[in-house]
Structures are given as C-alpha cells and as structure tokens.
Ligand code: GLU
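What follows is one chain in structure tokens, specifically the form predicted alone.
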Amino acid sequence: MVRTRFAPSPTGQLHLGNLRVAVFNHLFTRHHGGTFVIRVEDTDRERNVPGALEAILEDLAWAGLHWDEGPDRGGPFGPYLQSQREERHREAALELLRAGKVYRCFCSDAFLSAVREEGEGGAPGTGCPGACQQLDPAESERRVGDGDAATLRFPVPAERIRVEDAVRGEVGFHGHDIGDFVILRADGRSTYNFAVVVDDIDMEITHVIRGAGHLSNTPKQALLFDALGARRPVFAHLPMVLGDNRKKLSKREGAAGVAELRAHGYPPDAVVNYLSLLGWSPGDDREVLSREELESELSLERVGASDAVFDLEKLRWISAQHLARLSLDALVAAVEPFLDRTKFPLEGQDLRRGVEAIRTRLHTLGEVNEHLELLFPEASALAAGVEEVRGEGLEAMRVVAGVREALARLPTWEAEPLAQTVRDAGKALGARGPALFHPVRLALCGARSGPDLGLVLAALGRDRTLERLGASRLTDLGLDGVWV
C-alpha cells in the first residue's frame, strides 16, 4: 500500500510552497488508495512557534487535504511528533554504532570552525577532519568513559552514490562532495537527516514526495536507509516554484500564507487545482479540474523537472472558474461569511438576487462587498449619477423617465422580462446602445457600466428601482409620460 507523509515544522504559518508539497502527496495517495500521514518535525525547539501546529492543521483541513494518521488522531505508527521519538532515534543510532557502521567523533565545534576558516571546509572531503575514524575502538570507549563529548558520524564512501528519482531519473552524487556527516549530536539529539530516515522506516513510508530543495539531502538519506537494512522509498523531487523575481518561492521571498488566501476567500478546490499545475499536467489543455479529477489523474509520470513560476493572476482566474461552477445556492452560502452586513443587510431572496447579479465578476469570495457596491453605492455616488444624467440633457432624462414608466407597468419582477422591457422602451424612445443604457445605469447605480442590467434590476427590486429612476425628477420639467 502507498504511504506518504507531509512533515511540516511548526515554526510559522503554512505558505503556498509547503501546501503544494502537501497537495501532491495527498492527491497521489488518494489516486492509489493509500494512507496520507502528517508527521511534525518539531525538534528545533528554539524556532517552534506556539499555536503554529494547530494553525497548520487547520489550513490543511481547509484545503481538504484530510490525513489518515497524525498527531491529532494517532495511528498504528505513532507518535507523530518527532520530538516524542527522540529515544527511538538514539536507539537506532547506537545500533549502527554497535554494528560498526558509524563512529564516534570527538572534534569540537571550535575545532571544526577553525578547519573551515582555514579554507579546508569548502569541499568537505571524506573522513573526519580530526581523523576520529582511525581511533582504536578501545581508545574511543575510554574517552567516552572519561566524559569526552562525542558525536556519531556516518562514514561516506569515496565513490559515486546513485539515487533513482521518480521525477528526474537517476541522479548521482560523489561521496567526496558530501563527507562524513553527524547523525547523533553530543547531547544525544538526532540530526535532521537521521531522524527523518528512522521515522520513514518506522512509519513504512513508501514514497517521499517533496520539493527540489531537499535533493541535496537525498544521498545521505539513501545511505542511511541502506545502513539500517531498509528498502529505500521512492524519491520524487518536485520542481522548484519561483516567484515573480525568479527566486525560490518561500516565506522569506514573500510567498503568500495559506491563511492569507483563506482571508481573501479563495475557494480551497481552486487553490489545490492551481498548485497541482505547478509541475504537473493532465496531458491535455485542461486547466480547471475538480478534486475528483485530480485524485483520479495525478501521477508522478506527468510531473516535470523544470522550474514552475507562481502566477497570482492565473490563480485568480482558476478561482473565478471554480466559483462559476458553483450553484447559486452554494455560492450564496460560500459568500455569506465574507459579507459586510453593516453595509449590505441583505437576507433571503434579496441576498440571492444580489449575488446572482455579480457572480460573473467574482474572482474570490472576499470580493463580494466590492462588487455589491455596484448595486448599492453610497448616496453620494447615486446623487452624482443623477447629476450626470441631468447634465447630459433632455434626451437622457427622457430615456430614464420612459424606462421607469415601462418598468412600473410590469406585473412581475424577474431578470429576463426586466431586461427585455428596457430594450423595448429604448426602441420606442429611439434610443439604443450607450444612449439607452448609460443614463439608466447612471440613475440606478451611479456608474455607466456594471453587471447584466436585468439581474441588476431584479436585485434592486421594484420599489428601489422606481425610486432611483425617479430621482432625476423629470416631472419638474413637465415631461412625465412624454416618451410614448
């Protein structure tokens, strides 16, 4: 069975680069009917942020990336907090020591720093800078017994290390460029690469899908899998995602946080859809895919190795397409949490018709208030629109009065008959195009353009429409009814 893991560190908010890795793991796992695991890498205690883990889990749940095992729900391979697995890491490191697969290193941090400063640390080289690997085992034991601090180092062979990558094919690294590396610090804490491998083995992870930034860790981890007698997982390194500045997308480079996208009202299915396209293609020209389509079709075979560029406008476009696919009732329910009810106290049918009028303009749910202002502008904007109508002269005022009279005769108030009535009134008045629609829109909403006029009229309702169209006070000029 396929088992994947997403392993966030609770050092801050989840950003889009992180979420993209989770998206690929989740979709790939669901495609194969496998198990998706959340494992938290929280051993860097100084950088851990209180509440960050809870926020990360909340963001993942919002995105619909529901996990099967994790710190909040347990599972057969727990614990799922790396900090609670430290004893297991030490035990595994000592097993390697007893098997002669690692050695004790007594080089102090000060000595290692001095070596680097002398220019001998640029290319690590194989072996330990202090030749600790050549120590007699009895001497090593004696020094530990005397209280000398020692790390455990893994000896890297001076040969080419080959790793098969599901995205990039075979990748190779030379041991000389890696050097012997520490797996257990002098204080007994495991290093990142060792803890990850031990946890992946214990949790039976079959596929390690992650960003290209982890590629340099892979030869060390591959050697550790081999040393621990475990089968290597399938490694798949996703292409790097770049920002507008062509630098790697990251928190430091201004990558949007998932919480920020939520606040703006991007639908989660749209975000998942867009992130899946950063490195993967369905093999045709489709760009808008449902969750079900993504889970059915995403595979590592169609993941490319070329860098992808994050395009906010493309995300906005995909978001608009997903919103357009929603039923009106579903869209109304989705926008309600974003609605500013102090400005737009709409309920029931009024809210439904208001959302229907503006729905084609929405890129995010959070834009609902901006676009509702097209229907319900400030009083000053309405007054300015009326003044524009009056300023355009008698013909524009005559058009508004004629349309108002025609609408007042309607027995029902639905979008299509309303739009047709406006057109018929314009024909009778000899007004068409801008000569018809600009004055009417200015009187209704204080602007020359906007959503479909029939939908606008339906959303405003009979009383509000007739009141606004009557605001140009053509009766003051003795022109009431002259349109016919």
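Sequential numbering from 1, following the sequence displayed. Note that the structure is a prediction, hence the values are computed from the model and not measured.
From this point on, the text means the form predicted together with the ligand, which you will not see here.
Asker: Using a 4.5 Å heavy atom cut-off, which residue among K247, H214, R286, R341 comes into contact with the ligand in the predicted bound form?
Answerer: The option sitting close enough to the partner is H214.
Asker: Using a 4.5 Å heavy atom cut-off, which residue among W317, W413, Y192, F111 comes into contact with the ligand in the predicted bound form?
Answerer: For this set of options, the contacting one is Y192.
Asker: Look up in the predicted bound form whether E41 has a non-hydrogen atom within 4.5 angstroms of the ligand, and give yes or no.
Answerer: Result yes; E41 sits at the interface with the ligand in the predicted bound form.
Asker: Please check if Q13 has a heavy atom lying within 4.5 Å of any heavy atom of the ligand in the predicted bound form.
Answerer: Output for Q13 is no: heavy atoms all beyond 4.5 Å of the ligand.
Asker: Does any heavy atom of V196 come within 4.5 Å of a heavy atom of the ligand in the predicted bound form?
Answerer: So V196 counts as contacting the ligand.
Asker: Residue-level contact is defined here as any heavy atom of the residue lying within 4.5 Å of the ligand in the predicted bound form; does R352 satisfy this criterion?
Answerer: Contact check for R352: no, nothing within 4.5 Å of the ligand in the predicted bound form.
Asker: The ligand isn't shown here, but in the predicted bound form, which of 238 to 246, 206 to 214, 99 to 107, 373 to 381 has heavy atoms within 4.5 Å of it?
Answerer: Partner-contacting stretch among the options: 206 to 214.
Asker: Quick one: name the residues from 1 to 33 with any non-hydrogen atom within 4.5 angstroms of the ligand in the predicted bound form.
Answerer: The stretch 1 to 33, when checked against the ligand in the predicted bound form, contributes R5, A7, P8, S9 at the 4.5 Å heavy-atom cut-off.
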